[in-house]
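Shown here is one chain on its own, the form predicted alone, set out as C-alpha cells.
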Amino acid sequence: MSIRATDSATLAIQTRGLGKRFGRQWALAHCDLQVRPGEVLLLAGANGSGKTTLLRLIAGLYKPTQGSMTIYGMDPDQEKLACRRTLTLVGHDNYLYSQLTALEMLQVWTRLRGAELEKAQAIELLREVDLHDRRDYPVGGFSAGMRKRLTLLRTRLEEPRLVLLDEPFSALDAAGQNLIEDWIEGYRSAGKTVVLASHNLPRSSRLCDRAFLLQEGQILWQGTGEAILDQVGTTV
C-alpha cells in the first residue's frame, strides 16, 4: 500500500533519516516513515532490532541523534507539549505504584493530564478489562496479566490521536488479547492512528494496514500484514 501524500501536515507521523545512537551503537538508523491518520502500522523484528527505540523516539522519550520527525505536522522540538498530548505510549514500563489501588491509579493518571475522573466512570473502565471487582486492591498484588490490562487502560483514559503499543498482547490470556484487538479495530474506526510493535505476528498482522520489518536498527522490508507472514513466518 503506497503513500501518495508527502506533505507532513497531512500525515500522522513522518520521519526522515531518523536515528538514535547509544554510545557507539546505533539502535536505529536512517529510518524513513510516512504514516497516515487512521492507519494501523506493525513494527516487527527480533529483540534489539530497533522497534522500542523507534516507538520511544516518536513518543518523545528519546531525542534523535540524527534526522527529523513530525507528529501531525508538528515538530516535537518546537511543540513538545502539544505532541505529547496527542499521543499515548504503552510500553514495557507500566508506571504503576504498587501501594495504590486500581481505582486510585486511574485517578492519578487522569490528574496528571489535568482532568478529573468520576468514580463511576473509573469503575466502568475497570469493568472493560475485568478488574472492577479488584478496584480497591493494591496493584502490587496483581498478576502480570492484570497489571498489563490496567496499564492498557491509559489508551482509553487519554483519548489520544496516536496510540503507540509495545508488545500489547504479551502477558495477556486469550480473552485479554481479543479485547486489545477489538480496541485497535475501534481506534482505526474512530480515525486514530496506531503503531504497534509485536512478536505475535498471527494476531497483529491481521490488524495492520502495513508492516515494517526491522533488523539491526534499519528497515529491512515493508509491505502488507499478510505479506509479512510470508516473509518471516509466524514469529520473529
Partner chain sequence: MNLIGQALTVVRKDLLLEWRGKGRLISVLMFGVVTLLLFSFAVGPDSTLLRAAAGGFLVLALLLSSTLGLSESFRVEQEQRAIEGLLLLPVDPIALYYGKTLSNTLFLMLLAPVLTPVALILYSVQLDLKGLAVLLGLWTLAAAGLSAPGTLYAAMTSRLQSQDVLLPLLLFPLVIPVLMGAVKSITLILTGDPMSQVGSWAALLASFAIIYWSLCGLLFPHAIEEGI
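Small disclaimer: the values here were computed from a predicted structure and weren't measured. Residue numbers count along the first chain shown, from 1.
The next section is about a form of this same protein that is not shown, the form predicted together with its partner chain.
Undergrad: Find out whether any non-hydrogen atom of Arg113 is located within 4.5 angstroms of its partner chain in the predicted complex, and reply yes or no.
TA: Answer yes; at least one heavy atom of Arg113 falls within 4.5 Å of its partner chain in the predicted complex.
Undergrad: Using 4.5 Å between non-hydrogen atoms, is Lys119 touching its partner chain in the predicted complex?
TA: No - in the predicted complex, heavy atoms of Lys119 and its partner chain never come within 4.5 Å of each other.
Undergrad: So, Ala59 and its partner chain: in the predicted complex, are they within 4.5 Å at any heavy atom pair?
TA: Taking the distances in the predicted complex, the answer for Ala59 is yes, it comes within 4.5 Å of its partner chain.
Undergrad: Using the partner position in the predicted complex, report whether Glu104 sits within 4.5 Å of its partner chain, counting heavy atoms only.
TA: Yes - in the predicted complex, heavy atoms of Glu104 and its partner chain come within 4.5 Å of each other.
Undergrad: Is its partner chain in the predicted complex near all of Leu89, Ser98 and Arg154, within 4.5 Å of a heavy atom of each?
TA: Yes: each residue has a heavy atom within 4.5 Å of the partner.
Undergrad: Could you spot which one of Asp133, Glu124, Asp75, Asp93 gets a heavy atom to within 4.5 Å of its partner chain in the predicted complex?
TA: Filtering the options by heavy-atom distance leaves Asp93.
Undergrad: Given that the partner is absent here, state which listed stretch (59 to 67, 207 to 215, 188 to 196, 30 to 38) has heavy atoms within 4.5 Å of its partner chain in the predicted complex.
TA: Heavy-atom contact with the partner occurs in 59 to 67.
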